[in-house]
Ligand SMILES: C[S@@+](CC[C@H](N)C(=O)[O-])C[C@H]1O[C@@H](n2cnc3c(N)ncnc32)[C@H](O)[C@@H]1O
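As structure tokens, one chain now follows by itself in the form predicted on its own.
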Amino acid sequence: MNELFEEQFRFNLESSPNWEQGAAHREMITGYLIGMAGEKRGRLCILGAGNCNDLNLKRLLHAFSEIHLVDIDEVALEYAVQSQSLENESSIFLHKSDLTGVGQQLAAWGAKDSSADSNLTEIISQLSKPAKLNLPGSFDVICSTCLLSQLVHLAVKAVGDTHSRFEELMIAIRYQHVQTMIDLIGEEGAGLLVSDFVSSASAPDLLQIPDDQFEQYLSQLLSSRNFFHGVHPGVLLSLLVGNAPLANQVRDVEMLRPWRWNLGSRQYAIAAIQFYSLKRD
């Protein structure tokens, strides 16, 4: 049993009844994806789809010819299509996959001798390569839905955020994930990186702040370093602009206005970055 994955499985199970509370969040993501689809009804891939409470799959089927849902939690994926009455929909494909490729190694490292630095070096080295997801070809639109914070959390649970190499591991996970998104986009396709970056657990006023003060409130949280490890929106944006290594693979990078996600017992602030791939020779 992989205890790192088991925690995510529990989260998916506990959050599955929150369809109604997450309506605004779901409509934001669904709306952006439909806008990115254009008129050609291409192929959509969702990384970290989970139970799909943040996606209106029926609306998306009108915009895309195929929808591919990818997650380590196969039970959550099956729940996703069943809960939206789409279990017999031939245009939706479910893919069980470790989206880092190192989940088992991280779990084993955390369970054994945490001084085995050579094993951690091997894990970081593996993260320098694209994850092997075995997905069918490239996609017209790819979206990562609040997955990156979960991937970084694997490192927190396995290694601990005080470990001398935690930051190196976190950076490797983050870079690999964004590179994986870019690699999966077809020619002139689009990507949407959606990330939760702070919750009401550390920012209890998150839900009460008026809309016209929300962005200023978030800026104050970020300035005081109140955000999840590795997903500061400004840092994520910096991976895709300027002289960053990934910037020469994308165009029209845009940070979208932040919004809130009500997950019942907890609320989250959400950042999203939209980008497009370059033409490939």
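These numbers were taken from a predicted model, which means no experiment stands behind them. Start at 1 and count along the sequence shown; that's the residue number.
FYI, the form predicted together with this ligand isn't displayed, but the following is about it.
For this session: Report yes if all three of 135, 180 and 277 come within 4.5 Å of this ligand in the predicted bound form by some heavy atom, otherwise no.
Result: The answer is no; none of 135, 180 and 277 reaches this ligand.
For this session: Answer yes if any heavy atom of residue 184 is within 4.5 Å of a heavy atom of this ligand in the predicted bound form; otherwise answer no.
Result: Contact check for residue 184: no, nothing within 4.5 Å of this ligand in the predicted bound form.
Exercise. Does this ligand come within 4.5 Å of any heavy atom of residue 233 in the predicted bound form?
Worked result: Residue-level check for residue 233: no, no contact with this ligand.
Problem set entry | Touches this ligand in the predicted bound form: residue 98 (any heavy atom, 4.5 Å) | Yes, residue 98 sits close enough to this ligand in the predicted bound form that at least one of its heavy atoms falls within 4.5 Å.
Exercise. Is there any non-hydrogen atom of residue 195 lying within 4.5 Å of this ligand in the predicted bound form?
Worked result: Taking the distances in the predicted bound form, the answer for residue 195 is no, it never comes within 4.5 Å of this ligand.
Exercise. Out of the stretches listed (204 to 212, 141 to 149, 121 to 129, 155 to 163), which one is close to this ligand in the predicted bound form, meaning heavy atoms within 4.5 Å?
Worked result: Flagged stretch: 141 to 149.
Problem set entry | this ligand: the contacting residue among 72, 172, 92, 190 in the predicted bound form [heavy atom, 4.5 Å] | Checking each option against this ligand in the predicted bound form, the one that comes within 4.5 Å is 72.
For this session: Enumerate the residues of 53 to 68 that have a non-hydrogen atom within 4.5 Å of this ligand in the predicted bound form, in sequence order, or give none.
Result: Heavy-atom contacts to this ligand in the predicted bound form: 53, 54.
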